[in-house]
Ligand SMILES: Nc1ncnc2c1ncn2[C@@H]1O[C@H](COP(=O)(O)OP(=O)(O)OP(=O)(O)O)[C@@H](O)[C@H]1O
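Take a look at this single chain, the form predicted alone, given in structure tokens.
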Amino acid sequence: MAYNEKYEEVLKRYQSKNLEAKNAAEARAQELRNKFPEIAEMDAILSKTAIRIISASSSGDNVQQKVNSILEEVAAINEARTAFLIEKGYPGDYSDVKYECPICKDTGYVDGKMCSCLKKELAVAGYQSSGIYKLIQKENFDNFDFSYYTGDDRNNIENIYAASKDFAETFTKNEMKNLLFIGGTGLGKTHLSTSIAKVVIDKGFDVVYETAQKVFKDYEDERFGRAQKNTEGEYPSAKYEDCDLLIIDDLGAEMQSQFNSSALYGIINTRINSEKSTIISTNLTQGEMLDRYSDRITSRLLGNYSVCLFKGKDIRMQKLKNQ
């Protein structure tokens, strides 16, 4: 399923989640009223609370005293109701509305802004459509294997691992942090990038993880009128500039062109100016990057990113030899 379709599917589900939670709670409450006349009697009194308070507020005399008396009565009834349910073997909050996300009450938004729970689901939807979701399930900080590195290479990867974990665990919107992973194939760049993505997603931030080839294709499709807008009226390229953390994998594997270089500069410059964090991984050496990209691109990468040089022997090849 394409990212836009996944995106729309998540949004559509959120449109009904809040109502479904309320309907489920009402169904449980009706179950209790049907089974226990005592609950039905208490609920009948509680249902008239708002009308009673409005009536007391318009009575003119001793308004606050009357309202307080009503509230005290309601509190006593709720307490008695809870005790009754527990006595009958039910949880005290059995008929309460139970939201998956108590922050937004399953609406997906808080004060007009997208809730972290919705952001997380949208990010996961992006991973599912791009294939990264499967990587997240099997590549994380807990299962990173240091045994494939020896000597100085082992010390080096331990330092990179520590920096990556610190990046993920201390990630916040309020501080821009950028990483540039440089090294040959099979040295752990994707594993650590995926590990960071998982932790940051679990913290509720909006993460986009994509290959450089796909990123530049999206910009190209937009440039030549082939791109489709999402339900919020944005082109796919917008997520690369707006997300909390952008991870671009395999920079340098894309076709070398002036358009791709311009798109890369635009992404890097926009995110630096808006102080949004980015991780870029590449198989190119620093020298190859200097030859391939303009000075204005490489100067921003090397000047605004913490460079992590991956060293060692291709882990994939080591695994093949050990089979």
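Residues carry their position along the shown sequence, with the first being 1. This one's a predicted model, so the numbers in the text were calculated from it and none came from an experiment.
Although not depicted, the form predicted in complex with this ligand is the subject of the following passage.
Check your understanding: With the partner removed from view, which of 178-186, 199-207, 82-90, 101-109 is the stretch that lies within 4.5 Å of this ligand in the model of the complex, judged by heavy atom distances?
Key -> Stretch with heavy atoms near the partner: 178-186.
Check your understanding: With the cut-off set at 4.5 Å between non-hydrogen atoms, does residue 96 touch this ligand in the model of the complex?
Key -> No, residue 96 stays farther than 4.5 Å from this ligand in the model of the complex.
Review point. Is there any non-hydrogen atom of residue 242 lying within 4.5 Å of this ligand in the model of the complex?
Key: It does not: once this ligand is placed as it appears in the model of the complex, residue 242 has no heavy atom within 4.5 Å of it.
Review point. Counting only non-hydrogen atoms and a 4.5 angstroms cut-off, does residue 283 reach this ligand in the model of the complex?
Key: Residue 283: contacts this ligand in the model of the complex.
Check your understanding: Heavy atoms within 4.5 Å of this ligand in the model of the complex: does residue 145 have any?
Key -> Although this ligand is absent here, residue 145 would touch it in the model of the complex, with heavy atoms inside 4.5 Å.
Practice item. Quick one: from 127, 149, 167, 216, grab the residue that has a heavy atom within 4.5 Å of this ligand in the model of the complex. Key: Of 127, 149, 167, 216, the residue with a heavy atom within 4.5 Å of this ligand in the model of the complex is 149.
Exercise for review: Tell me, out of 156, 116, 211, 190, which residue has a non-hydrogen atom within 4.5 angstroms of this ligand in the model of the complex.
Suggested key: Going through each option in turn, the one that passes is 190.
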